[in-house]
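So this first bit is one chain, no partners, the form predicted on its own, shown in structure tokens.
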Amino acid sequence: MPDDKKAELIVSRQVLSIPQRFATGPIMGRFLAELLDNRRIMAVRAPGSRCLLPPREVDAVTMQEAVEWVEVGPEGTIRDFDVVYYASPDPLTGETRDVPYIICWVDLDGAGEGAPLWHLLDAPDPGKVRCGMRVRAVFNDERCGCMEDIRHFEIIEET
């Protein structure tokens, strides 16, 4: 006699997250350590070349090794930005970010125009954000040695 009952499905919604650590290497490691310990944004410069931010061991344009450490920012100018209206879930937490939010590329003071840093921008009205606006990095109070030690950039001067 066939069983007319349908199988009961059990759903367990959870984000799979495995605690992991990765070696960043000496260059990126120092960059993250400066964010963690000193709230400083550091870039590297190849001889006679532009700054690299985030720092890398070799400049991909000139193929020279980056050897000089330079402190940049924490203020800068918005080079470009995108207003995001799609509420995508965070792969680590499963939470969705409030929309709209703004991602921006910032030319930090002292880094020149060849090294924009990509991050979030906190702006009350996305319609008033313009390229060329002055911004400042806002650091998290509790830091963990990652890019999220910079919470976001905030507008300090409208042009």
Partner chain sequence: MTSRVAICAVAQTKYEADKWDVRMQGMVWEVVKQVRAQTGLDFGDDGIEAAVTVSDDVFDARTISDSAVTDVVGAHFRGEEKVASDGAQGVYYAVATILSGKHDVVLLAGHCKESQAASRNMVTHLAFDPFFTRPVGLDYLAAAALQADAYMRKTGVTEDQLADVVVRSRQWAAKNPVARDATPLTRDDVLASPMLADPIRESFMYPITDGAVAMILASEERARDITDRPVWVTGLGNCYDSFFLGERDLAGNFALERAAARAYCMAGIKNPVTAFDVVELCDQCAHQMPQWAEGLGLCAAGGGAVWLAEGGPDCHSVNRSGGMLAGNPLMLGGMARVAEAVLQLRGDAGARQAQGAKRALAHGCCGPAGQLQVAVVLEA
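Residue numbers count along the first chain shown, from 1. Bear in mind the structure is a predicted one, so any value in this text is a computation, not a measurement.
Another form, the form predicted together with the partner chain, is not on view; read the next lines as being about it.
When the partner chain is considered in the predicted bound form, residue 58 lines it closely, a heavy atom lying within 4.5 Å. Shown alone here, residue 140 lies farther than 4.5 Å from the partner chain in the predicted bound form, counting heavy atoms only. Among heavy atoms of residue 127, none comes within 4.5 Å of the partner chain in the predicted bound form. Although the partner is absent from this view, residue 65 contacts the partner chain in the predicted bound form, with a non-hydrogen atom inside 4.5 angstroms. Using a 4.5 Å cut-off on any heavy atom, the residues of 19-38 that reach the partner chain in the predicted bound form are, in sequence order, 19, 20, 21, 22, 23, 24, 25, 26, 28.
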